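Below you'll find only one chain, the form predicted alone, shown as C-alpha cells.
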C-alpha cells in the first residue's frame, strides 16, 4: 500500500501528463460561465472564437503530451495509462473538436455556449476512454461521452431531434446496462477491474470457459454501440438525420474512434498475446463482415444524405475492425492511418451536407443540377466522397490499400481462411460503396434540376473544404510523414 506522501506524488506526476484533460475541464467551465456573463448579442459574436481558442489550446496540450510520451505511464494509481496510442487518438479527437467549431460557426446560433460546453464534455470522455486501463473508468468515460451526446442530438429542439435523442438515450442506456453487467461478471472471474494487469491475465488464462466468453461478449456489446457496429447500430440513422450537421460529423468520428481505441486495448488484454484458447479474431471477423455488409447495402437504399452517411459510418466501422482483427502492430498502425483519413474525409463531406442543408437541399433529388451553380462546393464534396469510397488520388485509396494489405499479410503468415473471407467481403463491399457515395455527384453534375442555389457567402466554407482536400491529396502523395508518427506508436499494455 502506498503512503499518503507517495499518493500525493503520484497524483502530482499524473497531473503533468493530464494536461489536455485539464484544459478541457477548464474549457467546459469557461464556456458555461460565458453563457451567464455575456449577453445574447455579444455571445453570438464571441463564443465561436472562445470555443475555437480553447480547443486549439487543447490540441496544443495534446501535442506537448505526444512529445513527452515515449512509453506507457500509469496515472492515478493505475486507473489510467498514458501511451503513444492513446495520445495519438487524443490528437485526432482534438482536431475533430476544432473542425466541429468551424462547421458550427454559422450553422447554428441557439445557446451556442452550452452547445460547445457539451462538445468539450464529450471530448473529455473520449480522452479518458482511450487512456482507461480499468473497467470502472471505461464505463464512466463511455457515460461521459454518451450523456452530452444525447443532449446534443436534441439541440435542434424539433420533434424529429427529440425523437432521435430519445431513441439514442434508450438504446444507449440498454447498451450501458448490458456492458456493466458483463463487467460485473468479469470481475467475479478475475477479482480485478484492471484489465491490463498480470492478475487479470493469469485469471482469464485459467478461466477460458463459456461463462467468461459470455461476460466478454456483454462488454463488447457496449463497445460496439459506441462505434455503431452491427448488431448495435440501429440507433445511428435516426440520430444522424435528427441532429445538427456539425454534431453528426462529430458523432461519426469521435465516439467511433474512442470506441475502437478501447476495443483494441480490451481485445489485446483478453487475447493474451495470442495464447487465449478462445479465438477472438473469429468473433471480430464475423462482426466486421456483418457490419460492412449491412452498412453498405442499407446505404444503397437511402434518399436522405444524412441517413446515407449514417450507414456509411456503420460500414466504415467495419473497415476499422478489419484493421483490429489481427491485433498486430502493422495492422493497428494502418488502422490509425485509416482513422486519420476517415476523420478528414467525413468532416469534408458533412461540411458540404450542412452547407447545402442550410440552402434547403435536404434529399438526393434536390442536389440535381447544383454542380452548375455551385461548382466549387460540388467538386470539393466530390473529393470527400471519392476518398470515403477509396479511390485515387485521395488518401482514402492508400488507407484502404494499407488495411487490406495488412489483412492479406496476416492471412499469408497464419493461413487462416477466415482472413481471406474478410478480405474478399471487404473488397466487394468497397465496390458496393461506389454506387451510393457517387449518388450526390451524379445528381449534381449529370442531372438537370430546377434548384438554382446561389453560391454567395461560400468562401469560408470553400476555404475550409479546400484545406481538407489538400490534406487528403497530400496524404496520398506523401504518406511518409504521417507514417513516421504512427511508427512511434506501441500497442503493448
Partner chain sequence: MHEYLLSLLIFLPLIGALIVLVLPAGTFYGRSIALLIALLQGLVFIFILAAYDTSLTGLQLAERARWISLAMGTWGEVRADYFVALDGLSLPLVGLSVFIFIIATISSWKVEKSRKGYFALLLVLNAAVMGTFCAQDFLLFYLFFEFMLLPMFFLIGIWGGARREYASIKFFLYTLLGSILILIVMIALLLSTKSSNDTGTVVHSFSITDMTNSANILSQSVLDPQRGLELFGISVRVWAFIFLFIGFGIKLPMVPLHTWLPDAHVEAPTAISVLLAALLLKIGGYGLLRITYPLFPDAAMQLSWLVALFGVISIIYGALAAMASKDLKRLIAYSSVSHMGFVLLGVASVTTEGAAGAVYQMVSHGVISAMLFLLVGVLYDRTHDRMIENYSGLSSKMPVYFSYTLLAFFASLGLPGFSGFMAEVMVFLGAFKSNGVNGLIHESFAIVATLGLVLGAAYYLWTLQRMFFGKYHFKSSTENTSLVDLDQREILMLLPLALITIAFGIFPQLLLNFINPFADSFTETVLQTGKAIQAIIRP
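Numbering follows the first chain given and starts at 1. Only a predicted model underlies this, so the values are computations on that prediction, with no experimental measurement involved.
One more form of this protein exists, namely the form predicted in complex with its partner chain; it is left out here, but the text below deals with it.
Interface residue among 158, 184, 207, 330, judged by heavy atoms within 4.5 Å of its partner chain in the predicted bound form: 330.
Of the candidates 136, 401, 174, 362, 401 is the one whose heavy atoms come within 4.5 Å of its partner chain in the predicted bound form; the others do not. Figure note: of the listed segments 330-338, 209-217, 352-360, 111-119, the one touching its partner chain in the predicted bound form, with heavy atoms no more than 4.5 Å away, is 330-338. At least one heavy atom of residue 487 is located within 4.5 Å of its partner chain in the predicted bound form.
Residue 412 belongs to the set of residues with a heavy atom inside 4.5 Å of its partner chain in the predicted bound form. Interface membership of residue 382, defined by any non-hydrogen atom within 4.5 Å of its partner chain in the predicted bound form, is confirmed.
In the predicted bound form, its partner chain lies farther than 4.5 Å from every heavy atom of residue 178. No member of the trio 252, 268 and 303 reaches its partner chain in the predicted bound form with any non-hydrogen atom inside 4.5 Å. Residues 476, 477, 479, 480, 483, 487 of 469-493 are found to place at least one heavy atom within 4.5 Å of its partner chain in the predicted bound form.
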